[in-house]
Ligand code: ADP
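The form predicted alone is given below as one chain in C-alpha cells.
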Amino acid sequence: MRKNMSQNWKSAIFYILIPLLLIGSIFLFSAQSKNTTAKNYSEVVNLFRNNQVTQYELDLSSGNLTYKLVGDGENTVNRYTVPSVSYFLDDISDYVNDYNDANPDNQIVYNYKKGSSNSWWMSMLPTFIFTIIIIVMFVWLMRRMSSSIGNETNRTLGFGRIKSKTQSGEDSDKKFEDVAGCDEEKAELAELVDFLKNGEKYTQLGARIPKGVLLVGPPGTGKTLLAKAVAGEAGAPFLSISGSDFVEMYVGVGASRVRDLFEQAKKKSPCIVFIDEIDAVGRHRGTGMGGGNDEREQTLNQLLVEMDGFGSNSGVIVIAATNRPDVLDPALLRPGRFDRQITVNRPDKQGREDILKVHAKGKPLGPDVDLKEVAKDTIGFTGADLENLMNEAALLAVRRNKKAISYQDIVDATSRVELGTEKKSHKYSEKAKKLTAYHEAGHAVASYYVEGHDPVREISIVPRGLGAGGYTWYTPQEENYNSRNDMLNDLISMFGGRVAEAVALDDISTGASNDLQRATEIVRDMVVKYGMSDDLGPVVYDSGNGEVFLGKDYGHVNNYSEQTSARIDSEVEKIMREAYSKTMSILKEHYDKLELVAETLIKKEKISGEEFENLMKNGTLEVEAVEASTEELTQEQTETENG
C-alpha cells in the first residue's frame, strides 16, 4: 500500500514538473525575444539621423540596444539588437556628435556596456531547457517501458504461484461450538483434529489418517465453517483456496499452482488445505465435446499426482467441499486421495434450533419468541438460511423502532426470505383482484379437504418478489415426505387454483402455468423415476444421473422403446387428469367455502392460517366472535330449558 502511494506521488510530481519547466522556458524565451523589435536597421539609424533619440545604451558584446525617443515616458524603453556593433557605431557616431555639439544643454545621454560573461549561455538557455526536458522524458519513458515489461514478466512467472488465504489455526475464531446442527459430522472430523494434535499415537499403531476428506452437501449447510472449525480446534495453519483459482487461460498454469500449493502445505505441516468448490477443477474427464488435453484436465491430473505424492502421515490433510459430487472424477474419490466422504445434510428440527441459538447470540429476543417454534416452521432451511432469517428479523425490528426482536418479526422475516418482499404499491384491477382471490382460495380450500396435507399458514393476494400475483403458504409437518399419497395430495392442491378459476369464473388464466409445470414434473418422476405407476409397474425408466455436461448429455440415449415412451406419456396424462377430476369434485362440493374465502381475500387481501381455519369451520374470521356466538347459543338453550 505504501509502495503504491509513493509511486503515485513520484508520478504526480513528475507530471507537475514537466509543465512548470515548459512554462519557465517559454517565459525565458519570450523575455529574450523582447530584446528585439520589429524595426529594420535603417529605421533605427534614421531615428538617430532625425535627432529623435534622447538616450541610449549599447551592450558591446551582445549588441542589445535600449533607447528612448522624444516624447516617451519615463518607463518607456525601446529595445533592438544591432547586427554589428562596429558598423552601428560608425553609422550613428557623427549624428550623435553633431547633435551634442549643437545642443550643449540638451545632449544625448549614452552609455556603452562591456559584454557580460554569461550573455552567451543566457541566449542558449531555452535551447538547453528544451533539450533537458526531452532527455528526461525519454529516460522516463524507457524506464516505464522496462518496468512494465518486468512487471508483465513477473506476472507471467507468478501465474504458477497460488494465492491461498493462509490463516493460523491458533488465531481462528471458529470452533466446533460455533457449528451447530451437525453433531455426527463434527464427530467424524474430531478424529482429524486429534491426529493433528497427537499424530504419534496413530503412527505407533500403524494407523493411516485419511489424506483427504470430502464434504458433500447442499449450499449453505456449513461445509466451509466445519473446515475452519477443524483448523481452529487443532490450532493448525489453514490454507483456504477455491477450485476456480487453479483454472487459467494459459496451459500449464493450473498444474503449476497445484504443485505450489502442496509445496506451501508441506512447509507448514501439520496443516489443513481447504479447497472450496472442488467441482470447478475436479470434474469428470472426457465430458466435453472437444479434445481431452485441456487446461482443466491437466490441473486435475496434477492434483491426483500430488495427493499420491505426499505421505500418509506427513501432517497435510486436504479437505474439499462441493455440492455436486456426481460430477467429480472417479479417480479423485478413490481411497488414497479422498478417503472419506462426509455428507452435511440440511439440519433437522433440533439442529435448526441449535443453529438459531448460535445466531441469536447478541440479538435481544422478545418474551414471545420460542426458537423451538421457529425451528418447527423452518423445515428445509440450511444454516445459512437461518442466519439470514435472524438477520432479516433484526433489521425488521430496527425498522419498526423496537428494542427486541418479536416473534412477529421472525414470522415476517421468514415470509420475506421464502417469498420475497411484498409489493403493496402494485394495484390490481377489480377483475384481476377477483381472479387472483379465487385462484388462491382454490389452492387453500382444495388442500384443506385433502387428508394429511400440510396446513395453510397464510393466504395473500398481495404480489411478492416471486413474480406471482398471490400465494398460498403452507407449514410443512414432516421433515421429508416421499410417499405416493403425499405426491397425489400435492397434485390436488396445485390444481386447486386452475379448477377454482374454471368453476367460479368460467374461465382460466396463465396464473396456473407454474402449478401445472410443477405438477407435471412430480407425475413424470413418479412414473419414470420412482416406479409408482400401476400400468408400467415398478420399473425405473430414467437413470436420474442429472448430467450437466454437453458431452455426456449428447451421448445419452433413452433405455426404453418408442412404445414405452408413448405409454409413459399416457400414464402421466392419466394421473394428471385423475387429480384434476378429484380437485374439481372437491371444489364443486365445497363451493360455498371457496366463495367465502375468496370474498374475504378480496376485502382483506391477506388471511392467516388461524383465520382460514375459522372460516372453514365457523364461517367467520375472529375467534372471539365464534366464542361469543357459542355463549349466546348456550344461554338461549339454558333459558329455554328453564322456561
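Note that this is a predicted model, so its numbers are computed, not measured. Numbers for residues come from their place in the sequence shown, where the first is 1.
If you look for the form predicted in complex with adenosine-5'-diphosphate, you will not find it shown, but the lines that follow are about it.
- Distance criterion of 4.5 Å from any heavy atom to adenosine-5'-diphosphate in the model of the complex singles out C182 from the list C182, I410, A320, A375.
- Residue-level contacts in the model of the complex: of P218, P455, P335, G199, one residue has a heavy atom within 4.5 Å of adenosine-5'-diphosphate, and it is P218.
- Exactly one of the stretches 133-141, 487-495, 222-230, 432-440 approaches adenosine-5'-diphosphate in the model of the complex with heavy atoms within 4.5 Å, and it is 222-230.
- When adenosine-5'-diphosphate is considered in the model of the complex, R524 lies well away from it, no heavy atom lying within 4.5 Å.
- Taking non-hydrogen atoms only, G383 approaches adenosine-5'-diphosphate to within 4.5 angstroms in the model of the complex.
- Contact annotation: I405 falls outside 4.5 Å of adenosine-5'-diphosphate in the model of the complex, judged by heavy atom distances.
- Contact annotation: E418 falls outside 4.5 Å of adenosine-5'-diphosphate in the model of the complex, judged by heavy atom distances.
- Proximity of D178, I355 and E387 to adenosine-5'-diphosphate in the model of the complex is complete: all three residues have a non-hydrogen atom within 4.5 angstroms.
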